[in-house]
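Take a look at this one chain, the form predicted alone, written out in structure tokens.
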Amino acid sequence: MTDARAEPPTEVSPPPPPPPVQLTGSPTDFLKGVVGKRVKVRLVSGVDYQGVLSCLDGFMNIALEQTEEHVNGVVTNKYGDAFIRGNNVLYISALEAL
């Protein structure tokens, strides 16, 4: 003879949350993280431009706002907006925390 009692329903727990998105540390992740923040752009000529990174494209053409031009560590000019052609860029570094 089988027992006619039904087993109580088992509680189904929701699936675990997905793992947090981790940055790979790639240049693309860095560039996405610094848009809208203060950066320093060093040109191959050695001149630095500091300003807020407005946008950039796949050719590393850069648009900066509130831009200062630095030659040998001294501010030589101030510009509202500056556009830098990508083939002149040596590197971009963040001036504020990401």
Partner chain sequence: MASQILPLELIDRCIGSRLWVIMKNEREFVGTLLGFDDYVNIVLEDVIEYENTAQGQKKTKLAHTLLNGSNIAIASFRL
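Numbering follows the first chain given and starts at 1. The structure displayed is predicted, hence computed values, not measured ones.
One more form of this protein, predicted together with its partner chain, exists but is not displayed; see below.
Contact annotation: V75 falls outside 4.5 Å of its partner chain in the predicted bound form, judged by heavy atom distances. Shown alone here, R42 lies within 4.5 Å of its partner chain in the predicted bound form, counting heavy atoms only. Residues from 67 to 98 that approach its partner chain in the predicted bound form with a non-hydrogen atom closer than or equal to 4.5 Å are G86, V89, L90, Y91, I92, S93, A94, L98, in the order they occur in the chain.
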